[in-house]
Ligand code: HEC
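A lone chain, given as structure tokens: the form predicted alone.
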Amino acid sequence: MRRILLGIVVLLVLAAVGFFALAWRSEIEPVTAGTAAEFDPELVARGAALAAVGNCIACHTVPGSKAFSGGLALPTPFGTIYSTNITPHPETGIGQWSEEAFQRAMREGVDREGNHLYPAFPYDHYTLVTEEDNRALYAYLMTREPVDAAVPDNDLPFPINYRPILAGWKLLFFDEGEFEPDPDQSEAWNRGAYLAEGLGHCGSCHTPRNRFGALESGGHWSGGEAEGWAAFAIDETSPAPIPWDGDSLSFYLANGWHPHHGVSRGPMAEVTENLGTLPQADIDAIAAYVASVMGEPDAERQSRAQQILQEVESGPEMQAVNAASQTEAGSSDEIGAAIYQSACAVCHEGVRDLPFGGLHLSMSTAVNAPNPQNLINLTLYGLPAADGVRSAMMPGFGAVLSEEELLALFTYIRDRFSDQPEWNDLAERIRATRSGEYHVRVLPSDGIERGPSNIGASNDDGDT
């Protein structure tokens, strides 16, 4: 018995030593941050464009605070993680980080002091970024305004708050390595794949996650969740009633809206705002790659899309006739139809074009999606107007519609404007969202954390 216990102890010690060896990372010596003049302006400008692809400002900025100063609460199934200050402040930011330390964080998910980073920082995507592009990103961030802003401690339970455990997570779910172009694809396709899979980290939102918070290996771009919003599938299972193609994707990514798909909202609002600053060639490359992942729609789907477009183009009068024929007096849809006609139809079946008019709901992905979350979010909270610029907007109806009225409205909209089955969890999602139990982050159509228009300039970020 003593020998068995001794053997167990020895095995435990060996396991502990092995785990320590796996988890340990050395500290990289601190440096003194250089001045903005020490960085090549062209390199800084290139880094600004790359930071726009990565949407860095969105996660690393609290609305109303200085750009990149961190502290934004990122809710996860495991607790709340607060984004880091990535300005070049020497104490609270990354001012003491060398380029070597920055490269390691991007490539391996380890900070300057040797701590493993939580994958809320999507290094499982950033590992694909080239050394040269990381150098440009480093130059851009190190020429931002230094902001003295300490961020709150993460609110995570044990043992998740013990960072060395992340070494085990990486062993199971993290594949380190730079992007490798596909020789059978075009240069533009490979450029789009590099940007979308790497810095763009599209899959971080648009791919489902397993119980350990890792991306599902077999669910690439098949739909996920981001900050209380459904991130729709952008593969061949896309629920968009009008199929996307390269041209529509390119227009949407550059402008934040498309006449057949509506206005970007939620976390996607800030994404399109940043992507709109890129060279058109990069936007087209991303669009071409995403379109290739979605694939060509089949004949049935194309035919259905044509029917929808013909109905929309027939005008409000014909649509009103169709609606009346579907909803008889005294039917279960009567309340929902009445609410829709009084509160929604004036915009969504009006004559004002997008982006300032409403999308006809038969073309809405939110109405045709597998779950109703985005439709609930938009109806409760609306689409806030941007600050200081013309933008799309929509009022929120959370203060004027009861849960029962919302249920009737959404049931009617789903029945009239889609050929999909009813949502089974509609009532529960309405309750959880309205009560605040299900946290939703609401953004205006152009992103409230957007960077300034002169993002390539040094030390000129100001307030966001």
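What you see is a predicted model; the values in this text were computed from it and never measured. In this text, residue numbers run from 1 along the sequence as written.
Another form exists, predicted together with heme C (HEC); not displayed. Remarks below refer to it.
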{"property": "Residue (of Ala285, Ile86, Leu128, Ala139) lying close to heme C (HEC) in the predicted bound form, criterion heavy atoms within 4.5 Å", "result": "Ile86"}
{"property": "Position in contact with heme C (HEC) when the complex is considered in the predicted bound form, options Tyr118, Trp189, Phe251, Phe179, heavy atoms within 4.5 Å", "result": "Tyr118"}
{"property": "Contact of Ser264 with heme C (HEC) in the predicted bound form (heavy atom, 4.5 Å)", "result": "yes"}
{"property": "In the predicted bound form, Tyr381 touching heme C (HEC) (heavy atom, 4.5 Å)", "result": "no"}
{"property": "Partner proximity in the predicted bound form: His206 to heme C (HEC), non-hydrogen atom cutoff 4.5 Å", "result": "yes"}
{"property": "Contact flag, Gly219 vs heme C (HEC) in the predicted bound form, heavy atom cut 4.5 Å", "result": "no"}
{"property": "Interface segment, criterion being heavy atoms within 4.5 Å of heme C (HEC) in the predicted bound form, picked from 168-176, 306-314, 142-150, 194-202", "result": "194-202"}
{"property": "Contact at Gly70, Arg429 and Ala432 by heme C (HEC) in the predicted bound form, all three, heavy atom at most 4.5 Å", "result": "no"}
{"property": "Residues of 384-415 having any heavy atom within 4.5 Å of heme C (HEC) in the predicted bound form, listed in sequence order", "result": "Ala392, Met393, Met394, Pro395, Phe397, Leu409, Ile413"}
